[in-house]
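The chain below stands alone and is given in structure tokens; this is the form predicted alone.
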């Protein structure tokens, strides 16, 4: 019995550290395949992408812990980019007054972050008040946001987001530049990650989120306003998506309506790889961060090795399935070990 228990404990340790182990294996593999994989230039490129996927995954972590899903984040990225790019390049025209208003970059950033919160609020309301399943609700907003992104410019790209000094709307490109040799997005990712850790582990809100995902009925009976918590987590997800839209637009120096297409899958994969259970009730920010690194390394590593985009999609899909299977294996093993512990104590 003790040997079996020891084997179970070893297996549980491996499962808990699976994401970090996979990351190390991937780095070694791509370093062997491409000698320049760990060069500073390559690492900076990977860091850029990890920051984008990671910020999206931070918001997704809160959503999935409650037992939900947010498929709209990639489209919000594209729509935020188009709205921000449009405000810089064309301003806001008030036809009834015959004037065009131009806003400073800090104001545009605030507007876009508020818009991200608004889209999350809409998702939350649809899910909690109209009782629409999260998958369907966010799938609908995904298509709506992507449609509005294309409508904003008729499908065209806003190619000039530098702004003009005379209009006072310069500076967005700062979010896409390097600060002391490190992409600005990495700093923003780090700050948001710290805030996410505090929210999830250091304040009552995090306990409420976990309780709602673990057993919503029990959470309601204990006095937790489950609907309000769900709305908040979708607002957090929208807020994170808005940041990614701004950073991505700054990095590209342009706004395109197709930006962020499919990125919700990267966010979900990073979150699940990091140990957040698709069944809800458990998850960690640190795990999500490591998961984001895994996704970033896989994507950039495959691109550097010349893997077809079609095969990349196949592999990303397989990674998501594998992550869910491993998560279920871990949950089953935990339940088995708990049952064994109860039997031993009898």
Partner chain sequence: MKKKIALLLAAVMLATGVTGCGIVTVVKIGQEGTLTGETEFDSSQQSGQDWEQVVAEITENAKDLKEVEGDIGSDAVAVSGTAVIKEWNHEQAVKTYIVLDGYENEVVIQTGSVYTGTAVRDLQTLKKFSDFKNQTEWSEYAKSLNKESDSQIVQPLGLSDDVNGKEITFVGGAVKKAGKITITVVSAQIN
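Model, not experiment: these values are computed from the prediction. Positions refer to the first chain, counted from 1.
The discussion below concerns the form predicted in complex with its partner chain, not included here.
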Worksheet item: Can you pick the stretch from 98 to 106, 220 to 228, 263 to 271, 245 to 253 whose heavy atoms fall within 4.5 Å of its partner chain in the predicted complex?
Response: 98 to 106
Response to the item:
In this chain shown alone, the residue from 114, 94, 194, 151 with a heavy atom within 4.5 Å of its partner chain in the predicted complex is 94
Worksheet entry | in the predicted complex, the one of 204, 166, 147, 155 near its partner chain [non-hydrogen atom within 4.5 angstroms] | 166
